[in-house]
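Next up: just one chain, as structure tokens, the form predicted alone.
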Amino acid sequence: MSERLNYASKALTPDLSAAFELALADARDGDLAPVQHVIDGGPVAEGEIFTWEDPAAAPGRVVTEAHAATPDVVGRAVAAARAARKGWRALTGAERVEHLRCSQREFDERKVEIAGVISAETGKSRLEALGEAEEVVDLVKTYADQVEQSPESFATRMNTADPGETNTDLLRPYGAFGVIGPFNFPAALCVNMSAAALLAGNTVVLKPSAKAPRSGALIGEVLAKHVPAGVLNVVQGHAYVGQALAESDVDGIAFTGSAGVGWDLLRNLAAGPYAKPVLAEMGGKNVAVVGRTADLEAAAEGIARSAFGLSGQKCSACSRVVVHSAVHDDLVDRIAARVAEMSLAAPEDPGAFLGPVIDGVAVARFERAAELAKKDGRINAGGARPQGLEGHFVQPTLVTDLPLGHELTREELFLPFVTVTCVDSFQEALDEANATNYGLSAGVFSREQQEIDDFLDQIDAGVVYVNRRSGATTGAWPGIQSFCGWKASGSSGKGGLGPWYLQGFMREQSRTLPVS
């Protein structure tokens, strides 16, 4: 696939679109054996088989079968990772980079295949799925480049008070990391966490989402193929497998998912004789602030793309708009008009902008939110299940007139559902923007430089965008934007995709040695 995509892309070439359709059909209908675990370099077919159904189809269309790991399988995977620690960390950074570059090249060759599997399991549109497959490649490249550009072992020569000594400060790997992946970016975020851990010198046990097991298995297959046995292991299964991994003898956990689970992991891994690191990215309730001087057409486009892309199932999706009263009605009308033009369809439809939500639980959450919106506010667009579509489809929904502080403006829904709050000043808008526990991403639309400066100074979010028409709160890309959540959105203060993430998988050591 020579065409370069990202999450701001709006179209595909006919050849790439046709290739995607073949890959999607193969992922849905190919003769696929149950997904196995990978332990110490080999496949392991143990544990009961569980299934995952296509969210864009009527009930019963199974797209993946997989073996669910038992506690014994998890224990063996962790033991393999621990046994491989010494040999892997003994390699130079350049040697580890070469292993990962081999994976990068294979990911690049298999992008369309990966996109087809992602789409079959999650219902992603072709643009979203192919964009994610492209991100997989760029994530490995970004982190490998960082290792190549850093001093060996991230070492820094320090001053000395004794001419007979040398002092060096360096970063060392923790050991074996457990990696727990999400369903919404089942390939990219498994790669994000695993590749960073590996390049930092750790070994890995990867647990993909049970809602996208084959996507995670593909990632594990490619990574494991290009590293020594035991360095990258994969265990499949539901939440209890992730819990068993977190409670095992790993040296740290990398996690992407809900805030509730992430903060439980942090508390639990801090409860032993010493705290183990938890690198967690945990969602958001992301806001677009719109001032009275904003370009409203740009704001409407940026908000709609961020709110409804991937059916709102992005950690960075725009789920709140806070707008000055002088332009409230005009902005709402413009967003509603864009919603009316959006194509809601299965991924085989080349015109699909958004697809289904992931499962029936998400549908039920949507129906509850819609009922609350009807009762306490006003639905300006959407608010129901679409007619004529089988699968877990819900309409992109725009809600106004909710009371200040309403739960729909505070709680993460992970749905194509955006609320609009009206305020009378820009400072009120900033206060409302910060009035949640989350702090992942935020955007502002204004032509007033002072308002932009105030936004950048006061907003409690790690990823911020100014007047971004291609995505008010979304679109972070490896090496271009870091994905660094504040408050309840992140545990480390550093973000994936950026220049400080690798260091989170390492700990500092100071060495004083005699001059030889």
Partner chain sequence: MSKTRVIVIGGGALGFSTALHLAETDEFEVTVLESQHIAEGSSSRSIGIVETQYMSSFDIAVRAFGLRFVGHLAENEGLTLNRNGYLRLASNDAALEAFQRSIALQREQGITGPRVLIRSEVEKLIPQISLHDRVGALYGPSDGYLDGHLYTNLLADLARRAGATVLQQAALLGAEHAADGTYRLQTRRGKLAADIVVNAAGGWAGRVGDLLDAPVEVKPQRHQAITVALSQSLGYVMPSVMDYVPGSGNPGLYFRHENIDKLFAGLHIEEAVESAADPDTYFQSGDQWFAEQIAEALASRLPGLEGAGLGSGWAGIYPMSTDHQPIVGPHPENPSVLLAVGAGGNGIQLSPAIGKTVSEYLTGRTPSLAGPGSPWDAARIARSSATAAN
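Numbering follows the first chain given and starts at 1. Given the structure is predicted, the values throughout are model-derived calculations rather than measurements.
This next part talks about the form predicted together with its partner chain, which is not shown.
**Q** Only one of G164, P403, G351, P71 gets a heavy atom within 4.5 Å of its partner chain in the model of the complex. Which one?
**A** When its partner chain is considered in the model of the complex, the option within 4.5 Å is P71.
**Q** Just one of N467, S482, S470, Q36 has a heavy atom within 4.5 Å of its partner chain in the model of the complex. Which one?
**A** Comparing distances to its partner chain in the model of the complex, the residue within 4.5 Å is Q36.
**Q** Which of 135-143, 202-210, 72-80, 231-239 has heavy atoms within 4.5 Å of its partner chain in the model of the complex?
**A** The contacting stretch here is 72-80.
**Q** I'd like to know if A58 sits close to its partner chain in the model of the complex, meaning any non-hydrogen atom pair within 4.5 angstroms.
**A** Although its partner chain is absent here, A58 would stay clear of it in the model of the complex, with no heavy atoms inside 4.5 Å.
**Q** Classify E46 as contacting or not contacting its partner chain in the model of the complex by the rule of any non-hydrogen atom within 4.5 angstroms, answering yes or no.
**A** Looking in the model of the complex, residue contacts with its partner chain include E46, since a heavy atom lies within 4.5 Å.
**Q** With a cut-off of 4.5 Å between heavy atoms, is L32 one of the residues that contacts its partner chain in the model of the complex?
**A** Heavy-atom contact with its partner chain at 4.5 Å: present for L32.
**Q** Can you tell me if E65 lies within 4.5 angstroms of its partner chain in the model of the complex, counting non-hydrogen atoms only?
**A** E65 belongs to the contact set for its partner chain.
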